[in-house]
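A single chain comes next, written as structure tokens; it is the form predicted alone.
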């Protein structure tokens, strides 16, 4: 995982598997981006092929932190498995998936 910041925006690259092993690091990276003044976050899930409840929890925690700081968290390049989990949990309503990082960042 890595973070690229551009002013108030941060792009976080997701891991291959966003599970209980990777979720704490994702949670920390999202919190740090917000604390460092970048509450507009795009999580690029182009390489992520699996997400579990721990990963969803990290994303929801990041969304909450971003919104409390006046920003938002959006997902980009969401694969089939991740989109299926988001849809089954109805989190696709609050964690909006976009086709590309540029599309996710366009409205800011």
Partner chain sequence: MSGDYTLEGLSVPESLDRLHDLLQQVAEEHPAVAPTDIMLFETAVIEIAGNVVEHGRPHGTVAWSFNLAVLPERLAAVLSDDGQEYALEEEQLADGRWAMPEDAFAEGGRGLALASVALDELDYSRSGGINSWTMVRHRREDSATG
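The structure displayed is predicted, hence computed values, not measured ones. Numbering follows the first chain given and starts at 1.
Beyond what is shown, the protein has a form predicted in complex with its partner chain; the following relates to that form.
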Check residue 9 for me: does it contact its partner chain in the predicted bound form (non-hydrogen atoms, 4.5 angstroms)?
no
Residue contact check: residue 100 to its partner chain in the predicted bound form, 4.5 Å heavy atom
no
With a 4.5 Å heavy atom cut-off, would you call residue 32 a contact of its partner chain in the predicted bound form?
no
Its partner chain contact in the predicted bound form: residue 96, any heavy atom under 4.5 Å
no
Taking a heavy atom within 4.5 Å as contact, would all three of 2, 23 and 36 count as contacting its partner chain in the predicted bound form?
no
Determine the residues of 60-93 with a heavy atom within 4.5 Å of its partner chain in the predicted bound form and present them in sequence order; the list may be empty.
60, 61, 63, 64, 67, 80, 81, 84, 85, 88, 89, 91
